[in-house]
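One chain follows as structure tokens, the form predicted on its own.
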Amino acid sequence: MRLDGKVAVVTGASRGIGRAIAIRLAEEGARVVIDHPGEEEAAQEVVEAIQDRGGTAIAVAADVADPEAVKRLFQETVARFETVDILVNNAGICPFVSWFDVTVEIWDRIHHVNLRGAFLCSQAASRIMVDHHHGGRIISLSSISALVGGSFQTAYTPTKAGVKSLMQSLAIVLGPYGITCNSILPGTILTDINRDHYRDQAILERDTVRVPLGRLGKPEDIAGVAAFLASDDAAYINGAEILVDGGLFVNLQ
């Protein structure tokens, strides 16, 4: 119960990593706002999973790329829970598209959701945190793709590098207000975003053997790190990037 009494907003929380983070923060005592892009049924399932564990949660439909939707997301949060203590920028998309097939529309949509969404939500949350004079935590999901390239991720990797850089800059800007800003860099995590890709057994085995721990990641592997960064145990961690990849990045030989 390290987060008892805290209010957390988790974007893209209706499934995958966001779902796991929302549940874990609730298990630690936080009241959680489940942001989702219109997936009402999936979001309600997360709310019910939290309530079944004795926690408190609400679901709010808001496209993080839309400034008005983000404004409404935080207005509803404050109306229900009075403040915001923790923001987890998790919402993201990652279409696998070959370089010569990347259109301006694809490029813009990925950047709007992944990077502009983190900007809009971080600005809205930090305004509340500063106005309420209680500090806070902003945690953004970057990716191992911020450090390495991907042949089918040419539109995606720049957004994750941007998210990491945004947290580094905000750590400087918001640190004096007691707000820490950090990023988590997941490696290969099995979620809805890549499940079709890994239906190919050969691809699954190829990527698994590259991980020294011998398995691909689970959303819960990321949720534990997010809960730590949201807690007082991480009070002096600011502007950091935590790579959570089972050792994939260092396995170059």
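In this text, residue numbers run from 1 along the sequence as written. These figures come from a predicted structure and were not determined experimentally.
Keep in mind that the form predicted together with a small molecule is not shown, yet the notes after this line are about it.
Scanning Asp221, Glu45, Glu27, Glu39 against the small molecule in the predicted bound form with a 4.5 Å heavy atom cut-off leaves one residue, Glu39.
In the predicted bound form, the small molecule sits beyond 4.5 Å of every heavy atom of Val211. Looking at Ala230, you'd find every heavy atom of it more than 4.5 angstroms from the small molecule in the predicted bound form. Taking the partner from elsewhere, Gly239 is found to have every heavy atom lying beyond 4.5 Å of the small molecule in the predicted bound form.
Residue contact with the small molecule in the predicted bound form: Ala13 places a heavy atom within 4.5 Å of it. Stretch-level contact check against the small molecule in the predicted bound form with heavy atoms at 4.5 Å: of 98-106, 127-135, 175-183, 142-150, the positive one is 142-150.
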